[in-house]
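A single chain comes next, written as structure tokens; it is the form predicted alone.
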């Protein structure tokens, strides 16, 4: 699949994935939503022990397989996946979102609350305002305001979408600060960890 157009994703399926932890276990939750009404169609989980320690810049090695296994349980397969992790805004241009895009053959958009690398000028306070994130003079992502007056998010796609397309889809799916697929995936993964079960 190449670039994702609005026509391709209209009345289609979007997903989000996030991982929460208890003890040494990670629980990945993937949620599937209809678009454009953002109705929850289903959710899936995968619980396991991460095979790699937490080292900044190597989140894909720690959480990638857990996330991929959770997303693979979704039916139908999503047309677009939001990831709680970076895509192109990464020192090696290969964050968790990029890894999952290649692993799952689905366009991805990475969302983080803080920049891992890069320099930027904060955007204006109005919803929809954004500026670019740069690394060594190269655009690697966007700094986006999804609600008036709230803190910005850092948006970076995998390799199939442009930065501008990633910004547009993030705004379309953001009712709150975070895009709805990420917000729900985080909520359900945290709840599963609190309950110590995924059923």
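What you see is a predicted model, and the numbers here were worked out from it, not measured in a lab. Numbering follows the first chain given and starts at 1.
The next section is about a form of this same protein that is not shown, the form predicted in complex with the DNA.
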*Honest question, do 43, 72 and 106 all end up within 4.5 Å of the DNA in the predicted bound form by heavy atom distance?*
no
*asked:* Within 4.5 Å, heavy atoms only, one stretch in 164-172, 134-142, 31-39, 57-65 touches the DNA in the predicted bound form. Which?
replied: 57-65
*asked:* With the partner left out here, check for me: in the predicted bound form, does some heavy atom of residue 96 sit within 4.5 Å of the DNA?
replied: yes
*With the cut-off set at 4.5 Å between non-hydrogen atoms, does residue 21 touch the DNA in the predicted bound form?*
yes
*Heavy atom to heavy atom, is residue 13 within 4.5 Å of the DNA in the predicted bound form?*
no
*Any of the heavy atoms of residue 84 lying within 4.5 Å of the DNA in the predicted bound form?*
yes
